[in-house]
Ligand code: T5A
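Only one chain is given next, in structure tokens, and it is the form predicted on its own.
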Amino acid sequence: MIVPRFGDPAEARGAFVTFEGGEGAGKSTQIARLAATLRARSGRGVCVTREPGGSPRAEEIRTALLDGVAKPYGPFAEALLFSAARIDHLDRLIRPALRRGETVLCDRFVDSTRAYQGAAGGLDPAVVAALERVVVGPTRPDLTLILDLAPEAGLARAAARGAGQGAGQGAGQGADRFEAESLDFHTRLREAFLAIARAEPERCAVIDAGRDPDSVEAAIRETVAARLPDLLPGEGSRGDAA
């Protein structure tokens, strides 16, 4: 059941921040850093999660997706599986956390479906939008940070990350279903994320992920302070870091 976030003004409401970008952009690292900062500074609970995944059932679907189980059936089948995982994730984790007034930091959300299965995968945008309306409803991010990186650099990072992980790491042992796509696919992916940012500038901010991690972290903190000042009270900002 979809629970409106904005339907009851008396209902406690947290902040919903999503991180998007291509492979190897450093989302996991930066989410962990922002979570630590918010826990120390905001006085709110902070929930860190990811898609696909974030709840037990959704994590099972994640394993299948990254193993490429749905790929032979095309982008629509993949989008349906992502939607099934998202329904469980929203119902069991994201919406309850927001109702408790927590800040939710999510590694990927609807924009990844738009970019991966839609723009890069060739699925009709109208189909993607219809799935989004049904599955997500009004539970939209307050801020989306798009970590932008040249696909060649991102894939090199992802390959190095996979090579550095030992046995028992699942998809981390090698290129997963999406990392293994062609450079052309990842170029379309980057263009899709930048197009989303241009279309929704009030929600999205583009962060240059080609810099060192400390500089990226500083840019993210500056953007969060400017866009959602209640999360980082007293943080001086000079505007967005896009």
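The structure presented is a predicted model; accordingly, all values stated were derived computationally and were not measured. When you see a residue number, it is the position in the sequence shown, counting from 1.
There is also a form predicted in complex with this ligand; it is not shown, and the following applies to it.
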Interface residue in the predicted bound form among 29, 37, 55, 187, criterion: non-hydrogen atom within 4.5 angstroms of this ligand: 29
The unique member of 71, 161, 140, 100 whose heavy atoms fall within 4.5 Å of this ligand in the predicted bound form: 161
Contact label in the predicted bound form: residue 23 to this ligand, heavy atom within 4.5 Å: yes
Exercise: residue 194 in contact with this ligand in the predicted bound form, heavy atom 4.5 Å: no
Contact test in the predicted bound form: residue 148 vs this ligand, heavy atoms, 4.5 Å: no
is_contact(residue 44, this ligand) in the predicted bound form, heavy atom dist at most 4.5 Å: no
This ligand in the predicted bound form reached by all of 18, 203 and 221, non-hydrogen atom within 4.5 Å: no
Residues of stretch 94-123 in contact with this ligand in the predicted bound form (4.5 Å, non-hydrogen atom): 107, 108, 109, 112, 113, 116, 117
